[in-house]
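Just one chain is shown here, as structure tokens, and it is the form predicted on its own.
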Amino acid sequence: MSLIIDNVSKSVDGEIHLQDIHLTMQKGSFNTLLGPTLSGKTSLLRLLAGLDKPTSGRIMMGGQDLSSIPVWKRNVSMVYQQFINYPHLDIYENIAFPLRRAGLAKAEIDRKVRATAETLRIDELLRRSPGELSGGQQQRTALARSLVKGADLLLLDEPLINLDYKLREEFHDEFTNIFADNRDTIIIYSSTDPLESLLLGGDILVLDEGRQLQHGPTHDVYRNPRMEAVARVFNDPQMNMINGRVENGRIVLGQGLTLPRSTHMTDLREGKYRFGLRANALGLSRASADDVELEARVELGEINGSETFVHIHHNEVSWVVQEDGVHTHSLGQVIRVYFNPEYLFAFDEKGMLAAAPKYVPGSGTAEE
């Protein structure tokens, strides 16, 4: 049973929330909606859940137009950012709620509740009330209630955003196991975090300002962003972008940084381009003999958990270097930074991908 979103648009009081969304999601698939706040992710989830109607276009599932099916008759589950549980029911009854409404036999309800609770590691909490649980345990309960239903469509609207960093990491590690046996449900997970999207895998739809930028296997989209806008959304920190050109068989970045043309750039015509380099492709030490050295001035050191984002300035261009560990640098300090030209992306003057590296740091695998 596939889900077809057929040129769907949504406007509210003349303001466009979604514009011409078109894609197909297959039964048993895991899909991520990636985009910044107000990119249209929640608007799309609300349309799929039946809470709103599209201004134009159709949403088809199993060959049937969902607009003809009332929301209470759709076999859809949704998990929100907030921990939404029934405070007057214990955890067992919270999970059992949709099964009792569906009229399942008592023994079948008990089997499904206990199996789902065990998968989500809350089987020892079934007789507690939601108020006795931590935030992570409450979100596990909400997720269990949605999973136990066996819905055709499971919508997850940034379900981990209100959990602390450690709990989010635990969930990411477990998600593969939680959904490992999924063969019937189409799962759609909304996120603003590019790293989270990479960890979850599956397929991805990149959204920005209500527009569909790219759809496909997550790691393929990461390695080959079809336009500069995708590269901007699918990176945190954003990809370093430098105006440049190809001339006389060489690449010139910014105000005269000249590089040999890399193997993946050999087919580029001479002319102007925007060159992109991910922050994790820059380093504070030389990694290979092919690395280019920059002498740059530190503008800011930003510690982000176990990583440091070093903001630097070189020849009128600002760059961001992503380094593992905690690094401290004085503002204005002159440092040396290195990168391999083989990691450069090239976008043409229309912002479309002209060349992509054969290997991208952080993608997990080399490009086939």
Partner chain sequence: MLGLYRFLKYSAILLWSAFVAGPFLWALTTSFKTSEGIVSGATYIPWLQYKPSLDGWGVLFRRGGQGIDIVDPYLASLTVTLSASAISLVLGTLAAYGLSRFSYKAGPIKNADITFFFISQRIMPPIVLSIPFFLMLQAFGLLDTKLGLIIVYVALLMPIAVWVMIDFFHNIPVELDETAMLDGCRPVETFFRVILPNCKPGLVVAGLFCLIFGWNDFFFAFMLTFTKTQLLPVAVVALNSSVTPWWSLSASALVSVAPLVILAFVVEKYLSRGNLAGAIK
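Residue numbers count along the first chain shown, from 1. As the structure is a computational prediction, the values presented were derived from the model and not from experiment.
What follows is about the form predicted together with its partner chain, which we do not show.
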{"query": "122, 78, 200, 213 - the one with a heavy atom within 4.5 Å of its partner chain in the predicted complex", "finding": "78"}
{"query": "In the predicted complex, the one of 98, 283, 254, 237 near its partner chain [non-hydrogen atom within 4.5 angstroms]", "finding": "98"}
{"query": "Proximity of residue 71 to its partner chain in the predicted complex, heavy atoms at 4.5 Å", "finding": "yes"}
{"query": "In the predicted complex, residue 329 touching its partner chain (heavy atom, 4.5 Å)", "finding": "no"}
{"query": "Distance check, residue 149 to its partner chain in the predicted complex, heavy atom within 4.5 Å", "finding": "yes"}
{"query": "Contact label in the predicted complex: residue 259 to its partner chain, heavy atom within 4.5 Å", "finding": "no"}
{"query": "Every residue of 2, 30 and 41 near its partner chain in the predicted complex, heavy atom within 4.5 Å", "finding": "no"}
{"query": "Partner-proximal stretch of 273-281, 104-112, 189-197, 86-94 relative to its partner chain in the predicted complex, 4.5 angstroms, heavy atom", "finding": "86-94"}
{"query": "Residues within stretch 128-146 having a non-hydrogen atom within 4.5 Å of its partner chain in the predicted complex", "finding": "145"}
